[in-house]
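Have a look below at one chain only, the form predicted alone, in structure tokens format.
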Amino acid sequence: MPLYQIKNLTYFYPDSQKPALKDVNMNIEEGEFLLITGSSGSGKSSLARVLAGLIPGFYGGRIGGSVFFRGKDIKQLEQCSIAREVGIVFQDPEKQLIMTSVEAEIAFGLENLGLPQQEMARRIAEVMSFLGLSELRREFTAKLSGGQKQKLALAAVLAMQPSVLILDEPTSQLDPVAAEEFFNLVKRLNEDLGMTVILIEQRLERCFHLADRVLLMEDGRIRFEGTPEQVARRAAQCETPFIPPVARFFAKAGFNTIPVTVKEGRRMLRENFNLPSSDFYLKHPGVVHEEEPLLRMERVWFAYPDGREALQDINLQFYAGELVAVLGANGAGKSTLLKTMAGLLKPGRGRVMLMGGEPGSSSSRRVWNSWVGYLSQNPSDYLFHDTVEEELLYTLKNFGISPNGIVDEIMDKLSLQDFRHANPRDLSCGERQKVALASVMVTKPKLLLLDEPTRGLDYRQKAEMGKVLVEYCRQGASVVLTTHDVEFAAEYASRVIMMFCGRIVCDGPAHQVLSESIFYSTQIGRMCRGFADGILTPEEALAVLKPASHGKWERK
């Protein structure tokens, strides 16, 4: 008997005329690793909530069809009995954390289960060790970085040892190394303990190959279903972007066999490619700045009240026309760097100057506020009004700016016109992210600071945002963003800064920094390393390589 049986499932959220799920029919086997992907708003999270027994009980709305868990109608099961077997981690960890300390948060669910003290201590120690949280065990949860909060939410669920683990974009705030470690752990839980894993994820280069089966959803329905290789082939034929970069490269190159891992891709290159000379490197021109920087940081140090030095001797300049990506591990100081640049945090030592001025007097503070736009990790912090249009108009009113068509312009650029009269809090995570960005961009700041702006965005939305930000820089502004999305940084950033323990360890042209990195490189970069260095994206690989008439590959 399947673990889950879903028959003709249709679901409407309260007050919605459009179904979030339409005629979904599927089975999930016990011990299966199922990956669910698709565009933002396609129904992925809604399906996860159904499987966790939260729809319709917690969210309300109208539901049709049947969902059976272990042969029993899930609507007839008590939520507490489902919670013992099914653990779910949501997109926004802030909404899932309850207690004030890390250790207390992990213990909370175990106490509700009534476990003995010794058993709780063992489980807490295990999950904190697995997820690298041991040093934070007594830390105040509100002080954690976004990535650390996400790891804590994962730990609290894993400690309860559910038989089914539902993960809704669990690595959206984790750096590449931490994300890989986490997925390796999840795969071990699946293979060694037989835990059923249902994973919703947008960054497919991280996890596509791990799944036993992949579901590609579109408009509330299951469009494709099969093994990773089968779905990659079908998706490539239909030119949908929801496949990993390596698969996308081989599909566009006309291959019938579509690899889904770097290892398979390197083997196919080796077998079908006339290797270039060993010193081949795809060079990219550097940028020489002759003008004064928009913002300058000189010998900047910053320490939080607990004594932790988040920034140490930072010396940076940012120029008009740059799109700068700041990379680094969780807790490296990236968010603190942006807050200091925005004038929200005052350095303990050193200076931060915007066009030569510091945010001291009230007049310079007004100039700073009008020139600098800042977007934090959590888009919900920016959403107060009943419609998307009202959010943007409210920002303009605060700055004393006449609309003059700016609202329509920003909505068009970010594809928000269809949500003009929608309540932003009812939108998907990716859509809320775009609304929050629009509310900051509507004033057209000269320096735009974005903390994890691609969180929750699907491939199409990230491409739209990337093009908008590149064009914004071409108009004379500067964009500085933190991100764990190396693929996005390689595609759109002109410059990359890498941070480690509050210090700048690398600063240079994006291709140079990412090509030389091991873990902070793209999937295509790792595949081409040693064959054609300096390549980071499928488009660059296609521009350099082409199929030869004799079946081998050659350089263009």
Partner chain sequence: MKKLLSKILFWLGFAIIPVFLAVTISGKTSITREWGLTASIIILGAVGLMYLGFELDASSPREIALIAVLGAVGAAGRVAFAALPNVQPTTFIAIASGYVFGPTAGFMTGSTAALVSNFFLGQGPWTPWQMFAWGLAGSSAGIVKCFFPHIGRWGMVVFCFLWGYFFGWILNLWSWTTFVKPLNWQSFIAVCAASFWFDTFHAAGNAAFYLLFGPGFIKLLNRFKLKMIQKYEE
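A quick note: this is a predicted structure, and the numbers were derived from the prediction, not measured. By rigid core we mean the largest C-alpha set that fits within 1.5 Å across both forms. Numbering follows the first chain given and starts at 1.
If you look for the form predicted together with its partner chain, you will not find it shown, but the lines that follow are about it.
Here the chain stands alone, but in the predicted complex its contact with its partner chain, taken as any heavy atom within 4.5 Å, falls in 425-433 among 475-483, 425-433, 222-230, 187-195. In the predicted complex, none of the heavy atoms of Cys506 sits within 4.5 Å of a heavy atom of its partner chain. Looking at Phe519, you'd find every heavy atom of it more than 4.5 angstroms from its partner chain in the predicted complex.
Although the partner is absent here, Ile28 sits far enough away that none of its heavy atoms falls within 4.5 Å of its partner chain in the predicted complex.
At the 4.5 Å threshold, heavy atoms of Gly530 stay clear of its partner chain in the predicted complex, well away from it. This chain appears without its partner; in the predicted complex, the one residue of Asp386, Glu135, Glu409, Glu292 with a heavy atom within 4.5 Å of its partner chain is Asp386.
In the predicted complex, the residues of 50-67 lying within 4.5 Å of its partner chain by at least one heavy atom are, in order, Pro56, Gly57, Phe58, Tyr59, Gly60, Gly61, Arg62, Ile63. Once both forms are fitted on their core, the CA shift for Leu345 between the shown form and the other one remains under 2 Å. Taking the rigid core as fixed, one finds a CA shift for Val468 smaller than 2 Å between the shown form and the other one. Thr387: CA moves 2 Å or more between the shown form and the other one after rigid-core fitting.
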